[in-house]
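Listed next as structure tokens is one chain, alone, in the form predicted on its own.
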Amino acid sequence: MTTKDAALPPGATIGILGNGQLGRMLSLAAARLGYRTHVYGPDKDSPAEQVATASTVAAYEDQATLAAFAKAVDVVTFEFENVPASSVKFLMEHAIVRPNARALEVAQDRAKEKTFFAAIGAATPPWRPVDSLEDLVRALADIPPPAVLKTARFGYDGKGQVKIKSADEAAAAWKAMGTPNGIAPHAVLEGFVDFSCEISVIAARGADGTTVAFEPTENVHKNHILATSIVPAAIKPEVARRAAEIAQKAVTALDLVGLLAVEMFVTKDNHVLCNEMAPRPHNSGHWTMDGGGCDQFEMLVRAAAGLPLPQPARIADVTMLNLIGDDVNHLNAFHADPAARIHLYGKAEARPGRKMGHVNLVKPRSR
């Protein structure tokens, strides 16, 4: 085991909670810097297992196996924000963990997330906490439809959401959010935003407190799943600066060592509204793998290992295309395109809505 203040030497082992595609790309980045990786997750033959030095397949709640995992690594990070915060707290008693459990606790709960944004002076769309049908009726009086009711926890890629077009739909929407055992969900109601575009910023913070931020990415979603990310984003310089400031302020306020991705809306009058955040590598940051300089995965490895964080330096324009489901079976045009950089995740079965890989289309830097 290493001490908290010392940088990891080459040959040390970075433990990764989560064994999906982000863990795969994180393991590859660690290998470039001479580190071994040990991934931990519940799925067999996972994308990360295929490239990591070692793997443990077990439930996140299995404390005996978590303790053994902690002994086998020099530091722990994660690639999946829905790891139970209690498991991260347990690991913090046995190992250095970067980021910390607080970052997970805030990011895992939309109500806590939006309260956090307000605390650091970052604006959000109008929202209200909703824990009952009565709460929802009151919230719809404050936030007139159209609005969207979202589960406060564990929703992603459009899951756990119900669109409400009129106040008369409150009861049906609340019923649709109900859990199978009849327990009322913990939810939030969010007002719709008339935005000009969606952007995201990935900030990093090192063990010494240094913060850096990748430039904003312009994102396009289809069926609630990210389809395309573009850099440079078509936004004003002052909007880009404000977005980067928010992300760096957030990563500092969380005392987070690692990465934080902040998704935002840009309104038609150029205001920035924070939507969600994730303390891990982010789909919208995949452009960094071929955009020049230190990519998001190497940046997280550096932060976790206690190494210096370089300022991100984009050297190309990049359009990232997600390969969803059957897209992975139609790669001939990309294979023939010298500007295309293909990244596949090693998943055996292409299912609708499943992220199978991505392609970065690279062009000379325009600005």
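Residue positions are given as counts along the sequence shown, with the first one as 1. It should be emphasised that the depicted structure is a prediction, and the values quoted were computed from it without experimental measurement.
Another form, the form predicted in complex with a small molecule, is not on view; read the next lines as being about it.
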(message) Given a 4.5 Å cut-off on heavy atoms, tell me which of 133-141, 204-212, 186-194, 243-251 is the interface stretch with the small molecule in the predicted complex.
(response) 186-194
(message) Taking any heavy atom pair closer than or equal to 4.5 Å as contact, tell me whether residue 283 reaches the small molecule in the predicted complex.
(response) no
(message) in the predicted complex, is there a heavy atom of the small molecule that lies within 4.5 Å of any heavy atom of residue 236, even though the partner is absent here?
(response) no
(message) With a cut-off of 4.5 Å between heavy atoms, is residue 161 one of the residues that contacts the small molecule in the predicted complex?
(response) yes
(message) I'd like to check something about residue 81: if you look in the predicted complex, is any of its heavy atoms closer than or equal to 4.5 Å to a heavy atom of the small molecule?
(response) no
(request) Counting non-hydrogen atoms within 4.5 angstroms of the small molecule in the predicted complex, say which of 268, 221, 71, 175 makes the cut. (result) 221
(request) Counting non-hydrogen atoms within 4.5 angstroms of the small molecule in the predicted complex, say which of 290, 105, 169, 263 makes the cut. (result) 263
(request) State yes only if every one of 22, 50 and 347 has a non-hydrogen atom within 4.5 Å of the small molecule in the predicted complex; otherwise state no. (result) no
